[in-house]
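Before any questions on binding or motion, here is one chain by itself as structure tokens, the form predicted alone.
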Amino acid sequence: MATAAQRRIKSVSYAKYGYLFTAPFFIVYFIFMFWPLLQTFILAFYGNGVGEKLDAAGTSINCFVGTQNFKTILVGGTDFLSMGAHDDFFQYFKNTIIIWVGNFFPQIALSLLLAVWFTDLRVKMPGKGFFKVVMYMPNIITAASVAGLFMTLVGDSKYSVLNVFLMNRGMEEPLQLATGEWSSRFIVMFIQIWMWFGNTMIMLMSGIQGINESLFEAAEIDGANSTQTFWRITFPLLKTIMVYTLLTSMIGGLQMFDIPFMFHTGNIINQYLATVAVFIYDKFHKNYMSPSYGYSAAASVILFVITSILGALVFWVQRDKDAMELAKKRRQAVKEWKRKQKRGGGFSI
């Protein structure tokens, strides 16, 4: 039998210390993330600050317009302020999807290949740690620096490295790679792959290293080659980390802003690289003479909804069907037991 002192020790709860340690994160998140997010949802249902309503001094006042901002972006509008918002949004969304798809699949293929190679015990390659660090390094370089680097290398200026090299060998006019439709897109896709494949490789390596080594040893004993081991063991067991990689890449791809926005010459944004995030910035900041706050917030909410739907779809496609079937049978068994208990008056024999 436990003594009084032992009972007092067992009754002490340390949960409050956990709340104290996690409280700073939630406070900072609420102030700098949740509250601005809530304000974005509110602002999406208000006017754009110009021509909506004027006070006695003639100052513009935002007024509640309901879902008009969403209708303007998704369907179209006729007033001067909304002209081009509908077409721009869908053009920018198209650019976003093209650039994301064009960099995600090569990135995941390259990262998976390198992750399998670096974790394969049969590959005896010296300096693996050095190559891992070198491949991850582009991820820690700021986007502005990377955009500036590639504009110096392949920009439209005749002083870019590529044009200087070609013009010194007889080419008369400089190449316009940074403003061409597909050439500029391919350059941005390459930049995105170069910056992020190292990070993706590290995540996939952590997933592979989490697989029980006895499975690989059994496959080797049974005579399976590297290809068979990958498709039969490695790839199926990477399902969880692959879902995580897909979700994070999808969220980052739909919110892509820095590289497409900075990869231009002068003050004119490349229309083939402008993404949804650029549309939000352009409506909120650039048009300082007539800031379209409502359209910017509405576009942010639309992007949030699209991201949520796609994320839910990814989880639904990658769901564990066996576990769902087992849970369904368990619920049916519980219902059957309750029905028998109710029919028997609460007593069982």
Partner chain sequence: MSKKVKYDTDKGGYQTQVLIKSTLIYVVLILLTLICLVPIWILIVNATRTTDEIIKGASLIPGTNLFANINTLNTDMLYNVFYSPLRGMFNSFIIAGSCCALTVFFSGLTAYGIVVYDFKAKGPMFVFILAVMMVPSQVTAVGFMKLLVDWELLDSYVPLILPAIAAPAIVFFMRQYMLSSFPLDIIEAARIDGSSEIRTFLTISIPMMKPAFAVQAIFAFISKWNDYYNQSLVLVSGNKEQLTMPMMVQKVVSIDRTADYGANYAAIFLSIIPVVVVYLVLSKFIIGGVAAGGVKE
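Residue numbers count along the first chain shown, from 1. Whichever C-alpha set is largest while still superposing within 1.5 Å between the two forms counts as the rigid core. For clarity, every value in this text was computed on a predicted model and none was experimentally measured.
Missing here is the form predicted in complex with its partner chain; even so, the following discussion is about that form.
K.L.:
Quick one: 168, 280 and 315 and its partner chain in the model of the complex, is every residue within 4.5 Å by at least one heavy atom?
P.N.:
All three within 4.5 Å in the model of the complex.
K.L.:
Does its partner chain come within 4.5 Å of any heavy atom of residue 202 in the model of the complex?
P.N.:
Close contact exists here: in the model of the complex, residue 202 approaches its partner chain to within 4.5 Å, heavy atoms only.
K.L.:
Report yes if any heavy atom of residue 144 sits within 4.5 Å of a heavy atom of its partner chain in the model of the complex; otherwise report no.
P.N.:
Yes.
K.L.:
Could you confirm whether residue 212 comes within 4.5 Å of its partner chain in the model of the complex, counting heavy atoms only?
P.N.:
Taking the distances in the model of the complex, the answer for residue 212 is no, it never comes within 4.5 Å of its partner chain.
K.L.:
So in the model of the complex, does any heavy atom of residue 22 sit within 4.5 Å of its partner chain?
P.N.:
Answer yes; at least one heavy atom of residue 22 falls within 4.5 Å of its partner chain in the model of the complex.
K.L.:
Tell me the stretch among 68-76, 101-109, 121-129, 172-180 that has any heavy atom within 4.5 angstroms of its partner chain in the model of the complex.
P.N.:
That would be stretch 121-129.
K.L.:
Among 272, 261, 230, 186, which has at least one heavy atom within 4.5 Å of its partner chain in the model of the complex?
P.N.:
Contact check passes for 261.
K.L.:
Considering only 192-227, what residues come within 4.5 Å of its partner chain in the model of the complex, judged by heavy atoms?
P.N.:
Residues within 4.5 Å: 194, 196, 197, 199, 202, 203, 206, 220, 226.
K.L.:
Tell me whether residue 301 is among the residues that move between the shown form and the other one (Cα shift of 2 angstroms or more, core superposed).
P.N.:
Superposed on the core, residue 301 moves its C-alpha less than 2 Å between the shown form and the other one.
K.L.:
Have a look at residue 28 and residue 203: in the model of the complex, are their Cα atoms closer together or farther apart than in this form, given the change is 3 Å or more?
P.N.:
Compared with the shown chain, residue 28-residue 203 is farther in the model of the complex.
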